[in-house]
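Next up: a single chain in structure tokens, the form predicted alone.
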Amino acid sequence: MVTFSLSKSAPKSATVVDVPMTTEEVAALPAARKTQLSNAGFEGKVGQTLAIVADGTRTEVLVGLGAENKISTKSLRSSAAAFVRSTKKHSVLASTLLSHALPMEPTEALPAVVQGLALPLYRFDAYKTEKKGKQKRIALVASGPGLRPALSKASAIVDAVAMARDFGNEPGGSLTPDVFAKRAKKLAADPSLTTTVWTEKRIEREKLGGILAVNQGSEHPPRLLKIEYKPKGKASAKVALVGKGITFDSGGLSLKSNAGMMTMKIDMAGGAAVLATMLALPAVKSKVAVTAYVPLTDNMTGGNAQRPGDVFTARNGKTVEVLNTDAEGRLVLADALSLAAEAKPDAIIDIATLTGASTMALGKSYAALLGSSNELCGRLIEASKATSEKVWRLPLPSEYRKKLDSPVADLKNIGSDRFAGASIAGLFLENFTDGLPWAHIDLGMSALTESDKGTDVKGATGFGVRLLIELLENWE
């Protein structure tokens, strides 16, 4: 995808160099030059670019930074993305964004710039006979202490997002539960990570009834992926991450429509985000001890598939009446959350493509945030501001809990009406957290994009990876 280097000046091999400009710098230009740029549509606003051939071999690209007093990591990420998107035909670039006068230290700006430059270049071409993506080399023109380790850390985060996107873009018929688990174990090679994979027999022995219920109609046996990260020295906290790993969702006997099924290979995006986060923790040197749980199965319509009205017993002993087999994500999360709660961590965070209701409420650019802990939700909101992965908190109204009452079991898996679907799903999950501080990120359709925009590329977005890493790296 891209390799980065640090340089004190733009190397001669770079055929394109950015020239960052604020709106104030453009306004201070001589009138004739300012008019010329304005006529070409460049005023220095965030995301604006204008290519100028400086000589016979090098192109300079003016890149807008916006107003000087509003420069932020978010705007730098956008400016970097706009620059790299304007250089499709070039393979060796230089960026001077970090050496421009910025209201923050270069080491603070570097992660956003690297993400902006690298993530738009992502391509999933595993099944393409012709590989169109070109490897790019980008020199970051900057100087100062701490830049090299900051670059190493930023590159690891970019790689983690790319990995999550790869998993999300992989066909459901190829990325079966067993394949997901085997790839995860191979990737988690760092000595600070310990990976365990539970097979179907172990899942049965551990009484993970939700995973087994969803898996009944499948020819592919389920897996439970557990990864533990132990930091050097004393851990500052213990956090559990839980990621939904439905490798393909047909809806089960509550069958989805053809259109509704088209994107359901993405239903393991939460699990991929958790895996990617764990792989990056050694590089960012998080001081938090983290245990990840990813329940893996597909949701199919085989002859033994669970039927609406069936009842299963979850890991924590609660019985659940399944009235809609397409509300399956919460069933596998119930078991994984129960396992996480048994270890008594300081906080539990789950992430899942759980409901369409969250997208109906917030659109495709936001993930819904729900939880029992105001402090934990506040931490996630602050982390989202740093990474520009937007979350919006939705309520967990206690008066809605009765909508989950079942006449034959402890609770049912859907509400008694079609309203407040995201909150109802959150209330269901809360039953399996044992009263511990808990937050739930409902990705909805933020896990997928239909177009290239900003740092996103059509397909899986890898939403949540940077958010979780930011949270765990800066946990206090």
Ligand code: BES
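In this text, residue numbers run from 1 along the sequence as written. Just so it is clear, the model here is predicted, and its values are computed rather than measured.
As for the form predicted in complex with the ligand, it is not shown, yet the points below apply to it.
A.B. asks: Test of understanding: in the model of the complex, would Ser384 fall inside 4.5 Å of the ligand by heavy atoms?
C.D. replies: No, Ser384 sits far enough from the ligand in the model of the complex that none of its heavy atoms falls within 4.5 Å.
A.B. asks: Consider Arg223 of the chain shown here, and say whether it contacts the ligand in the model of the complex, taking contact as heavy atoms within 4.5 Å.
C.D. replies: Close contact is absent here: in the model of the complex, Arg223 is far from the ligand, nothing within 4.5 Å, heavy atoms only.
A.B. asks: Using heavy atoms and a 4.5 Å limit, would one call Lys256 a contact residue for the ligand in the model of the complex?
C.D. replies: Lys256 belongs to the contact set for the ligand.
A.B. asks: Answer with yes or no whether Thr355 is in contact with the ligand in the model of the complex, where contact means some heavy atom within 4.5 Å.
C.D. replies: Although the ligand is absent here, Thr355 would touch it in the model of the complex, with heavy atoms inside 4.5 Å.
A.B. asks: Which pick from Ile414, Leu50, Leu427, Ala420 sits with a heavy atom within 4.5 Å of the ligand in the model of the complex?
C.D. replies: Of the candidates Ile414, Leu50, Leu427, Ala420, Ile414 is the one lying within 4.5 Å of the ligand in the model of the complex.
A.B. asks: Please pick, from Leu62, Met445, Val46, Val26, the one residue with any non-hydrogen atom lying within 4.5 angstroms of the ligand in the model of the complex.
C.D. replies: Of the candidates Leu62, Met445, Val46, Val26, Met445 is the one lying within 4.5 Å of the ligand in the model of the complex.
A.B. asks: Is the ligand in the model of the complex near all of Asp249, Asp267 and Asn324, within 4.5 Å of a heavy atom of each?
C.D. replies: Each of the three qualifies.
A.B. asks: Considering the ligand in the model of the complex, find the one stretch among 63 to 71, 37 to 45, 437 to 445, 403 to 411 with heavy atoms no farther than 4.5 Å from it.
C.D. replies: Correct option: 437 to 445.
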